[in-house]
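Coming up is one lone chain in structure tokens, specifically the form predicted on its own.
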């Protein structure tokens, strides 16, 4: 087991009287990729900004390498938050060219790899001589991706790293992320709506809703906890005392059950013997059911 790189302890954050983060606690090991999943407005961006020290929490501690971030700001440049925009300062200035942004990053991040940055600029076909506030939304996302990857920051945070990207650019990002993580391991958190495209990369998953944590598990533990059962409805229902049903979809006599276990090996063997297919529920479906997207179909 790798040492813990990042720890959040009782993190709470308010926008005026609205509680955006509610007493969050989790730990992330060094050199691990976490998927941060949630619906719009669930608190994902706020959480990433708190971790990156762009917002100061109202309560709790962000701990990096066993040191409280709030009282040890030398950790500032160990973290890079890559977003679809760099913010109002860069959006409103008329003098900031893309190249100047990368030159600034080279002075901020001690592990900055200029050769790799230039490689990514060519792969994404990014014109660095354009003014930042004049480039497209997709190109601004590309700037964030290059900053995140080339910074080689010990903790790299990607917030929806595909906004405005065409399918080819998304595939370039996924390929570069996987290759660079293999060659230069670090601690990554990726906030995403395109869950099906990214879930194969995740080693750990954090699902949040209304500022609270619903799920915090390694992927292999999720496989042991949440299942999709498909087969004859009558056959599946005969086992319903062995799990909690989250959602049911039926077509005639056939049914698809999303359930929460765990289910022991003996029951799994019996399910298969009754021609009931059992597989891991997708993260997309899990988010849908846990955040009431299914409108409690299991109870209707």
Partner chain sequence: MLIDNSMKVMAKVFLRFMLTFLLIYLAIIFFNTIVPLFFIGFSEFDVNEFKISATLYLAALIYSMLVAFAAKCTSVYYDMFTIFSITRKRIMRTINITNVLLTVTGSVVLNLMLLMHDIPDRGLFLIMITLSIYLILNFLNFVAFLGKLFGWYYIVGTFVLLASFILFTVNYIGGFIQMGLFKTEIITFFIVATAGFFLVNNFVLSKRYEYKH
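Numbering follows the first chain given and starts at 1. Just so you know, these numbers come straight off a predicted model, no measurement behind them.
If you look for the form predicted in complex with its partner chain, you will not find it shown, but the lines that follow are about it.
- Here is the short version: of 101, 222, 139, 188, the single residue with a heavy atom within 4.5 Å of its partner chain in the model of the complex is 101.
- The partner is absent here, but in the model of the complex a heavy atom of 107, alone among 183, 107, 115, 129, sits within 4.5 Å of its partner chain.
- A residue is said to contact a partner when one of its heavy atoms sits within 4.5 Å of a partner heavy atom; residue 90 meets this definition for its partner chain in the model of the complex.
- Within 4.5 Å of any heavy atom of its partner chain in the model of the complex lies no heavy atom of residue 168.
- Its partner chain is not shown here, and in the model of the complex it never comes within 4.5 Å of any heavy atom of residue 288.
- Under a 4.5 angstroms non-hydrogen atom cutoff, its partner chain in the model of the complex has residue 56 among its neighbouring residues.
- Residues of just one listed stretch (117-125, 211-219, 91-99, 196-204) have heavy atoms within 4.5 Å of its partner chain in the model of the complex: 91-99.
- Taking its partner chain as it sits in the model of the complex, the stretch 142-165 comes within 4.5 angstroms of it through a non-hydrogen atom at just one residue, 147.
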